[in-house]
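Okay, so here's just one chain, in structure tokens, the form predicted on its own.
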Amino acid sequence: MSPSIRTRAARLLALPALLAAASLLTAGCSGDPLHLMPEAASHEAHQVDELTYLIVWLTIGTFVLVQAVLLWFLWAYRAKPGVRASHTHGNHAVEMVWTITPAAILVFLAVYQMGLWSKMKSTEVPQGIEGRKVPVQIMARQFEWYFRYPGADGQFATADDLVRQGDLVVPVNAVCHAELRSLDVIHSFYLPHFRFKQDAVPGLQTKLWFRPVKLSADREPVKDRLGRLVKLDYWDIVCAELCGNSHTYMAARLYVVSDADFDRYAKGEAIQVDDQKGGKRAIQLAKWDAGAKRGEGAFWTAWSHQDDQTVKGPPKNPKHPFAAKAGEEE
């Protein structure tokens, strides 16, 4: 290999290393300068944003570098009068550079994000995470989200459980320790402002946790479909898995409230939240009736039904698990 080729290969190898170092430094202090993300509402969201921007800067830098090299080749090896074209079968040094460099970047990203991934995907709240613990069960069903809180005894599936469909309420700076299940098909519990997503798989009980650090009432205004700024007082809960013909309507609201408001809510009392028309509306938990043949009480019996090892498959009509039996009045 000639000295000139070695020099060029060394320069090409040094550029990605400098680019990675600059990207890492920029990502650590950038926040969300390009406004690619929804407003961050959890401590872990900022760490995910830093990782995202590290990848963004690496991608942009690599694109600029490749295009610059391409333009240089177009100019340096352009057709010249009286100069015959030389034929080459490639250069092993350059091929090693463009093979090893992307592989090294991918390995670096895998190692760099490993701690954050294991922390956010831990089934138990990691050590060092302080704050009030709030247990909740989350059931996904086409095309709705259901939530159940333990009552005063602190145990689920007892007579004092409280339930609600469509609204999840947790106190600020608390750790929500949740159990997630699906009744029918694969859904995905996604909190875009928390940068958290977890699939809900029928027959599987998945434990997860998240930690809000900002009141939902302090959420910044967002634009509606007509471009107008509107003030919302909840964080979004959406399904990130195509789950049927009404998948886009499978949404719920996450209200992050003060400790005092949550204490009242957890006792079954109504709390006031803003509506999109500038007024107020009350939300309140309902008592779970385990013996009910219809509605919310019967619906939650499907939770323990999934723990029955003798069950070979899902209910025959998963959309209506509490539908009337043969001979009963609909």
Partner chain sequence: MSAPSAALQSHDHGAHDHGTAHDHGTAHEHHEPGFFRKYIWSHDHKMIGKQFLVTSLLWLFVGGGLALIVRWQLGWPGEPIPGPLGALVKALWGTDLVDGNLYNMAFTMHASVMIFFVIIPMLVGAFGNFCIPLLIGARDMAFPFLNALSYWFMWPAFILLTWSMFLPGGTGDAPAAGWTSYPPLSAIAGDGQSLWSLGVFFAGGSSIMGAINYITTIVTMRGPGMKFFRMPLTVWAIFITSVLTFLATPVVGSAQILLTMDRLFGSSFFIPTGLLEGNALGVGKHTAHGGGGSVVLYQHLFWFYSHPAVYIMILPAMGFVSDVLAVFSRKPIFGYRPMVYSISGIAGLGFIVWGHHMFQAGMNPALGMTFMLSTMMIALPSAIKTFNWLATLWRGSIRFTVPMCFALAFVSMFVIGGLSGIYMASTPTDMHIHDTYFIVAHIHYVLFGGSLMGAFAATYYWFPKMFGRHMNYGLGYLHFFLSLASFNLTFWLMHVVGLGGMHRRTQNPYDKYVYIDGMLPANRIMTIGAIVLGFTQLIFLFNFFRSMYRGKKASQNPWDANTLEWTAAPTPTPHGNFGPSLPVTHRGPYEYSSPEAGGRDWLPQNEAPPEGAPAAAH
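All of these numbers come straight from a predicted model, not from anything done at the bench. In this text, the rigid core denotes the largest set of C-alpha atoms whose superposition between the two forms falls within 1.5 Å. Residue numbers count along the first chain shown, from 1.
Keep in mind the form predicted together with the partner chain is missing from the figure; the text below concerns it.
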query: Contact test, all of T158, V172 and K267, partner the partner chain in the predicted bound form, heavy atom 4.5 Å; finding: no
query: Candidate from K197, K214, H177, R164 lying within 4.5 Å of the partner chain in the predicted bound form - any heavy atom; finding: K197
query: Options 129 to 137, 146 to 154, 255 to 263, 219 to 227; stretch whose heavy atom lies within 4.5 Å of the partner chain in the predicted bound form; finding: 219 to 227
query: In the predicted bound form, L168 touching the partner chain (heavy atom, 4.5 Å); finding: no
query: Partner proximity in the predicted bound form: L109 to the partner chain, non-hydrogen atom cutoff 4.5 Å; finding: yes
query: Touches the partner chain in the predicted bound form: W288 (any heavy atom, 4.5 Å); finding: no
query: Heavy atom of D236 within 4.5 Å of the partner chain in the predicted bound form; finding: yes
query: Within 4.5 Å of the partner chain in the predicted bound form: residues from 103 to 119 (heavy atom criterion); finding: A103, L106, V107, L109, A110, Q113, M114, L116, W117, S118
query: A93: Cα shift of 2 Å or greater between the shown form and the other one (core-aligned); finding: yes
query: L74 C-alpha shift between the shown form and the other one of 2 Å or more, rigid core reference; finding: yes
query: Rigid core superposition, A103 Cα moves 2 angstroms or more between the shown form and the other one; finding: yes
